[in-house]
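This document starts with one chain, in the form predicted alone, laid out as structure tokens.
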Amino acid sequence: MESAATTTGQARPARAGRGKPFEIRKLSELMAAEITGIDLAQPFDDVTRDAIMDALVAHHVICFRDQALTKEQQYDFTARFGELEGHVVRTWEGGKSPLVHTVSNLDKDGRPTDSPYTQGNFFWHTDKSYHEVPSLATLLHAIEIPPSGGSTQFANMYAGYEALPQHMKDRIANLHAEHSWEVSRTNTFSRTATEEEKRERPPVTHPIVRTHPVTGRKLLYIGHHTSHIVELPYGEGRALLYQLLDYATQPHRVYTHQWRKGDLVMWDNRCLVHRGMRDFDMTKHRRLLHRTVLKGSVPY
């Protein structure tokens, strides 16, 4: 569902089910806010649901503190906002990942490792951009976190686009990038895509400059799922994609979320890229989160 949310940057106070309010507090001036005073395991009304989506559109990243959700409860919460999206990435055993799946630094025997099953989380990307219909939002629920570190960074792609000089905006206005699961695996030094995965997720093409379907604002729609620019020679196009990504992810356009156990963080994939950080001893400490993803709309 695409919400007709407010776009002023100020999310309105809202009332959860049974009249319980939730409060919103900014976590940074650039983006991100925390929401307190609501238990996501409990039913809530449509007014609250719409206010949560308003807050997501206004702040791009929202964090619900002190949640203790089962996988089933996270599924139910996510489904209040639309259709859940499946995952092309396979489990250790080779089967399909469930709709509520685990993101961790654990090996197949459950031990911490600095070489987890996938490396893609550590590179700037927007989730599922290699889908013909990419995701609206991702939700991560912190089950186990290291004593420090294990943070996630978000870069504001509105800000990245709006800061470009006009000649660059003109240059990229009508360009399209190919997004590919197979190339993403190569870009992030991960295991190669299987033939089954390649058949399931063939390459797709999206505009480099996307218009957000709710706010109408333009932004850069790129990341490490991209292969090349369709309209340019291969090498020139890849160089331009890396140049744009480096520009958009400069530190002053980034918010770093320091996880607490019980956080459920929801972010807008339509206007952000994100990456996990290797800022803790991955061979010693466990980091485990539950992930759901909402299906979005075709970029334009």
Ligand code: OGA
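Keep in mind it's a predicted model, so treat the numbers as computed, not measured. Just count from 1 along the sequence shown to find any residue number.
Not pictured, yet referred to below: the form predicted in complex with the ligand.
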TODO: Could you spot which one of I145, V209, V100, V103 gets a heavy atom to within 4.5 Å of the ligand in the model of the complex?
DONE: V103
Task: Heavy atom within 4.5 Å of the ligand in the model of the complex - the one residue of T215, T205, S190, N121 that qualifies - done: N121
- [ ] Classify E85 as contacting or not contacting the ligand in the model of the complex by the rule of any non-hydrogen atom within 4.5 angstroms, answering yes or no.
- [x] no
- [ ] Please run the contact check for H228 against the ligand in the model of the complex: heavy atoms, 4.5 angstroms, yes or no?
- [x] no
- [ ] Please run the contact check for T152 against the ligand in the model of the complex: heavy atoms, 4.5 angstroms, yes or no?
- [x] yes
TODO: Although the ligand is absent from this view, report whether R270 comes within 4.5 Å of it in the model of the complex, heavy atoms only.
DONE: no
Task: Segment that reaches the ligand in the model of the complex - one of 121-129, 157-165, 175-183, 215-223, heavy atoms within 4.5 Å - done: 121-129
- [ ] Quick one: name the residues from 130-145 with any non-hydrogen atom within 4.5 angstroms of the ligand in the model of the complex.
- [x] T138, L140
